[in-house]
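Taking the form predicted on its own, here's one chain by itself in structure tokens.
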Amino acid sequence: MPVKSVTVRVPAKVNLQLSVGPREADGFHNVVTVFQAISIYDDVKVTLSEPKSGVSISITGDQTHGVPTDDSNLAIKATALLAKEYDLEIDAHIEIKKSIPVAGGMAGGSADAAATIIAIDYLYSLGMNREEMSEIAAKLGSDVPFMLNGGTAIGTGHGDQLTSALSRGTYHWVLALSSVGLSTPAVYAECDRLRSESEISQPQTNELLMQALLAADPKSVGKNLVNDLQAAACSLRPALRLVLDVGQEYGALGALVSGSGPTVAFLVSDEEAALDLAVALTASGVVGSVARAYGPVAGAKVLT
């Protein structure tokens, strides 16, 4: 009997480095980023439906606010792209159980797109290899290819040209979540505005960060976290500065806004320190909600 349904689990990400080059003629920016996949997950269940019924979607879980349920959802865009690429009639229902915050700088939408690619490949026996999946993924967004693979990786170009990073050890994170997302294009536009008088060079990999990851040295990793979009995110959402200050005051090894924000990621030394910081942040009253996670973890995978 052909398989009718599959569930794919996919992680969130944090950016340990996000260095942003000048705005190019096409309106985009070249970046160098170091991604790490962390243990907060969405589960994407795809179930084949009646012929000619098309693709439908439903969202459940604890991070549903603001998730689109129309054709703008990246999971639906993934099915449309695969249908076109492989000349398929896709009739399916996508159910996304969300734990990754929406518009939080943690690639929640990109994660769901990556999971959908794997699910459709599985259900329709397309036999895609990782390279073919990554090509499809890159057309959907610069973070999508990384969500297929997970782990720790360096992204260049628009972030979609990936190289595995030499990284050892496990890293413990405390995440200060916001109830209201930030628009990635708005954050990039603000970054351009803030830097309009400056000479911006092409981004480079942070060698001190790479050495710290290779040495499994969380203290040094914490010192070398960097995000060129952080000033822009804080400009659009000034309360983020207070969140960053409070977390570091309570003993984080390092802190940064993840991606385009507004999630703030704090690196700590171990699980016990993560629990202590989570309690302190919650008690401080400056954070809406807090999550704990560790990384790196694997990318999107079929649940058996």
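Heads up: residue numbers just count along the shown sequence, starting at 1. Remember, predicted model here, so these are calculated numbers, not experimental data.
Just so it is clear, the following notes concern the form predicted in complex with adenosine-5'-triphosphate (ATP), a form of the same protein that is not shown.
- In short, of 210-218, 80-88, 172-180, 109-117 it is 109-117 that has heavy atoms within 4.5 Å of adenosine-5'-triphosphate (ATP) in the predicted complex.
- Residues Thr47, Pro51 and His93 are none of them found to lie within 4.5 Å of adenosine-5'-triphosphate (ATP) in the predicted complex, as judged by heavy atom distances.
- Contact annotation: of the candidates Asn149, Asn224, Thr184, Ser134, the single residue with a non-hydrogen atom within 4.5 angstroms of adenosine-5'-triphosphate (ATP) in the predicted complex is Thr184.
- Residue contact with adenosine-5'-triphosphate (ATP) in the predicted complex: Lys97 places no heavy atom within 4.5 Å of it.
- For the chain shown alone, Gly61 is not a contact residue for adenosine-5'-triphosphate (ATP) in the predicted complex, no non-hydrogen atom being within 4.5 angstroms.
- Taking the partner from elsewhere, Ser201 is found to have every heavy atom lying beyond 4.5 Å of adenosine-5'-triphosphate (ATP) in the predicted complex.
- Although the partner is absent from this view, Val67 contacts adenosine-5'-triphosphate (ATP) in the predicted complex, with a non-hydrogen atom inside 4.5 angstroms.
- Although adenosine-5'-triphosphate (ATP) is not shown here, in the predicted complex the stretch 72-102 places heavy atoms of Ser72, Asn73, Leu74, Ile96, Lys98, Pro101, Val102 within 4.5 Å of it, in sequence order.
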